[in-house]
Ligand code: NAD
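The chain below stands alone and is given as structure tokens, in the form predicted on its own.
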Amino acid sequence: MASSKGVALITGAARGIGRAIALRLADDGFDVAINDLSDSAEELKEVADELETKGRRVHTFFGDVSQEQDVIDMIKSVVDALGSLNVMVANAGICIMEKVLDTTVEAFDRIHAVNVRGTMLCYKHAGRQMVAQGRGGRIIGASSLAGKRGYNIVFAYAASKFAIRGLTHSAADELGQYGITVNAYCPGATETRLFQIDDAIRQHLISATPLGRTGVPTDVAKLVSFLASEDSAFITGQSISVDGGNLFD
């Protein structure tokens, strides 16, 4: 087995952007820990099997990032199994497409529990682990184009992704003294299971994108690869768009 660049943990890794990030970081030379909910067990196993074919050490942990004990247990499990935590990718998130007049308190709270609280808990406990290790690290969160410009069809989702930018900037300010960078990626319209919109909206988004297409998960994974690398050592507190130059950005 080739020497490792370190250990990367990716939440929400069973499919879509999380899966693409896990595979890319394995290609980059990281040993990889992957997380998702237990109802995604079959898909997560497929990702684990693919990672192992790349010759990397792999660890799987099922848990809900919105629950603090699950996040504490996840970090401990990764460190026990793989020896350290060097890159934390807080990718897990959900989207409920509702306008402001239709958004229920239940939907609003659910989105914020996963997207905002889940990201906060990953930042907090990964940050504590990296500080204790004393070797710096990379923390990377999942914001969105909707975290830079609100859309009426994703009222609560947009609010949660704006919040992740705030968490990212604040954590970067605190953790920089320990050599830990904190950044976020902000995908535009990207072809994943979450991206369920009608053709009229799809075409509207594409028409506002100079590159003339929607994104794919590997577009985001390439940015995360850079943010996890030594080449990004002097970049922190940034929320970087991966959106084809979307004119709404």
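Note that the structure is a prediction, hence the values are computed from the model and not measured. Residue indices: 1-based, along the sequence shown.
There is also a form predicted together with the ligand; it is not shown, and the following applies to it.
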Listed residue that, although the ligand is not shown, lies within 4.5 Å of it in the model of the complex (heavy atoms), from A172, A92, M130, L82: A92
Between the options I180, A26, V58, A189, which residue brings a heavy atom to within 4.5 Å of the ligand in the model of the complex? A189
Has each of G12, D36 and S40 got a heavy atom lying within 4.5 angstroms of the ligand in the model of the complex? yes
Non-hydrogen atom contact V154 with the ligand in the model of the complex at 4.5 angstroms: no
Tell me, yes or no, whether V114 is in contact with the ligand in the model of the complex, where a contact means a heavy atom of each within 4.5 Å. yes
Answer yes if any heavy atom of D219 is within 4.5 Å of a heavy atom of the ligand in the model of the complex; otherwise answer no. no
Find out whether any non-hydrogen atom of I17 is located within 4.5 angstroms of the ligand in the model of the complex, and reply yes or no. yes
From the candidate stretches 156-164, 132-140, 101-109, 172-180, select the single one in contact with the ligand in the model of the complex, where contact means a heavy atom within 4.5 Å. 156-164
So which residues in 51-72, when you check the ligand in the model of the complex, have a heavy atom no farther than 4.5 Å from it? G63, D64, V65, S66
